[in-house]
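Here you'll find one protein chain in two forms, each presented separately as structure tokens under the names structure 1 and structure 2.
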Structure 1
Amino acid sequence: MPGEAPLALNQTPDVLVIGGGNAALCAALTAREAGASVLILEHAPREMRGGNSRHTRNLRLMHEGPTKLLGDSYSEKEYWDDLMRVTKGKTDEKLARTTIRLSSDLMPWMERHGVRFQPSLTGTLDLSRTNAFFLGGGKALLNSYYTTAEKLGVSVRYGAEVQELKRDGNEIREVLVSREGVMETFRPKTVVVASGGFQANIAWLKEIWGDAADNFIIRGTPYAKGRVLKNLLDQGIASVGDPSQFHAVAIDARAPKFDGGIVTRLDCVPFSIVVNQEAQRFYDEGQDMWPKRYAIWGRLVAQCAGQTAYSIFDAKSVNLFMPSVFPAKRADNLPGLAQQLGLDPIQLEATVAQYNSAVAAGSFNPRVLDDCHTDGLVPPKSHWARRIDTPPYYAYPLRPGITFTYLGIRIDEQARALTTDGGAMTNLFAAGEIMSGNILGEGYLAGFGMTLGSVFGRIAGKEAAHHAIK
């Protein structure tokens, strides 16, 4: 394919990187700069390279004081406390603290490899103190990395689907790859798997969620089928993570089945009430700041009948958040809105009336945990509670948007894959979503996936190169 360096079939690269997203590129760049020859196998075609990283915007960074783009400070303790709050303590503390501590070095490293940053975005995801935003988003980041990789002499094969990694004891001896209908065999010295989860494999999701999985929408790449993950688990590589756990958000129900990306996410929940198909509320929409709670809403909606819910708000809130790529439903009265959504108009009016009567007086502030709450309402709304009484009325239909699954490969602090018999593979390393379950037992923090992939991509690349050259 154009732009690819030729590679003889009998050549054995020092480091073979499986995957083409952020974690894979961080591993490849680090390994190459350590003196190793590197080959990247990307399942997707060139125009869709990069996995879920194509749709990202930022990553979460520890910093002890103000930087050129991040205000104030974000200490290890605060970062750790935020992670504990969302995971409920389901994490490997050593790996989690490694991620947090090494995140402080990421921005200068990324800039040296071509990534540019911009001031943080405002709105519902106000992350100016904790997260650095990529200028041009995830695609620009990936383009910068690929450009740098090419200059450094990293080889890339697109459209290359790994079929099997052949394990012999504690080593991977061969990697079988299908490309343009032809099987190829590689015998690398070391392998870094950064091929993501299995979220695009609907059949696998149905084994866990049943028919509900047919209603899940996959926010990112359709190439994350989990073939590499399953192959390794079948060969005695130790697993980590709950198969039913994933990073999922509430997205517009009208989004495409795959690859809709960031523009389909809905950030209106804190300034609305969310009802199910019975037009009844089922959770606290204002529980905490949105970056710490937006990722619970995918699972909440997944547990609703038909995996569908509706965010209801009025004219007072319409400009408080980034809208969906699809227009909101709009009506001059609640019965008209209910009719558009297929909800019982009497029940929707009753739900809104009950909510309105419970709203306590307060000083509304969308940027902080304000004192606008409900009294005596179950479930409550803890913050940003305002009466829904100013026409026109609006609604967005919600579905669960799956970003990535948490079932993955258990690793140690050197990113080495561990085995079910308690050992460690000598030449197999893992980074990114395929090992995220080590740290994300459940829940999610905005920007943490990119942080995790960057930190462990660099660790995996360094360790793989060291092993190969040694």
Structure 2
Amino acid sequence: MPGEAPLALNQTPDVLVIGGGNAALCAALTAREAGASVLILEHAPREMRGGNSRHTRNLRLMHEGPTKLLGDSYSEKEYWDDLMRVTKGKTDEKLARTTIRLSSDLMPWMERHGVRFQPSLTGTLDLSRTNAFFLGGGKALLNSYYTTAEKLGVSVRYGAEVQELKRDGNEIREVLVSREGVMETFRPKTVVVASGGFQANIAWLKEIWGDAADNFIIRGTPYAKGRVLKNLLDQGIASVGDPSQFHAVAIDARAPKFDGGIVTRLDCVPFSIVVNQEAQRFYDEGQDMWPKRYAIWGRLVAQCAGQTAYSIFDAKSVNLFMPSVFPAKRADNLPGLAQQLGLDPIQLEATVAQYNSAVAAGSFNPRVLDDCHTDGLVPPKSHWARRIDTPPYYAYPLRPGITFTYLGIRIDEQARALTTDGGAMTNLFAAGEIMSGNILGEGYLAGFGMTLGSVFGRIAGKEAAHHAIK
């Protein structure tokens, strides 16, 4: 298989990178170019390599003036304000500002390592000034990085799951790895952990969320088990981020348990009413523009009975949003639709009738916060409220789709892992989702995960190489 490390591989690389996504590859490339020998341990097989980066499509870049791809400017101040707005201040300002500032240098570096860009995709106008889109998406980006890494002499082992990092004082001495049922021991000079969060570890999620976790859908890689994260936290590495929190959006309930990615998203909520299993509404579907609201719906649906809700709309709205992977449920009348969804037909009709009678006249415009709203309805629908009265009627079943978890390991500006006793590890560095909680304590900003992974991947790679070969 191309890119496989030879069997007689030196088990004492200068830099051992754990993980195979964007941050891992940025670290590996940087360390290799600094002269270090580098080995990547990727848990997934080659075909599924790349963690959640497989499903990404852009990253958010600061730029003081127009670039060849991004128009106008996106200043440090505006970027910082956006970050403060979504995190509500739960961020480490130094690390956050480092990320923002260094994001302005990323594009040429990425292009030098094979990444290609394209104009912002159709339907993403809101991101066209701030976010640069990868041609072909995240998997294409990863392919470029892996190809470049292999050309530079980085070794890659797929299907290699790290079981344990052995801490000795402020150093990692050994890394135990299982691959095809065989345990191997590595003694690297330095280690970069870029192995993501724990969102794919359902048992772990159940410790926090109970049986509801069985109904959560994991939008990304099934390999983000959090084993490395847990192992390090158990050995006195300092944690960061709320251990009980995750980022989630409302997605199609029929999505695969893992790795459904972008196509399972549903953008229909603002043009619909959303009901729970009692066929009752529970939140303002038209509160704000959808890109600003989709993340709260993950949480809202997670709190519903059975972690399931239903977005219901009529023929007027069917073409107002991006198509998604599964067709909507469809019926000529509301009782028929209720039957397909397993809802009480009488209650659904009553809920729709109550909503319809509260809809005030207005001029509908899906592109702005229009004046179509409800009067005297609890909860209200503040915008895009139109009567649901034109058959056929449609519905999408919704479930929470978890993107990532916030718990991570605390790092300093050199991406060194910090310890609970206030020290810093000398040869352990972290990048990507496993440390994103330092900067992204809450919420999410589109494309920021890839920015953060790229910036701290490069920092971790540089520092690790420096430490290993000084």
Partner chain sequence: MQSSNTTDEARRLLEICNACRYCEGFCAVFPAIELRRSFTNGDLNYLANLCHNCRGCYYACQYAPPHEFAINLPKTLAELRGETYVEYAWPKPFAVFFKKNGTVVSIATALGIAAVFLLTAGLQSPQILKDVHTGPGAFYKVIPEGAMIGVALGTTGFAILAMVIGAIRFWRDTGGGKATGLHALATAARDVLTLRYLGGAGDGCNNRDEQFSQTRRVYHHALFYGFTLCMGSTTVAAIYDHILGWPAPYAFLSVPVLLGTFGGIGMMIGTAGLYWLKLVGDQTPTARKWMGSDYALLMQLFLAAATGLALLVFRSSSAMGALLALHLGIIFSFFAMMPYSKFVHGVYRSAALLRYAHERRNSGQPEVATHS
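Here, rigid core means the biggest group of C-alpha atoms that superpose within 1.5 Å across both forms. Nothing here was measured: the structure is a model prediction, and the numbers come from that model. Start at 1 and count along the sequence of structure 1; that gives the residue numbers used here.
- Where the criterion is the form predicted on its own, structure 1 meets it and its counterpart does not.
- Relative to the superposed rigid core, residue 104 undergoes a CA displacement smaller than 2 Å between structure 1 and structure 2.
- Once both forms are fitted on their rigid core, the CA atom of residue 365 lies 2 Å or more apart between structure 1 and structure 2.
- Put the two forms on the same core and the Cα of residue 389 is off by 2 Å or more between structure 1 and structure 2.
- Here residue 380 exhibits a Cα shift of 5.2 Å between structure 1 and structure 2, evaluated on the superposed rigid core.
- When the core is overlaid, the C-alpha of residue 291 ends up 4.0 Å from its other position between structure 1 and structure 2.
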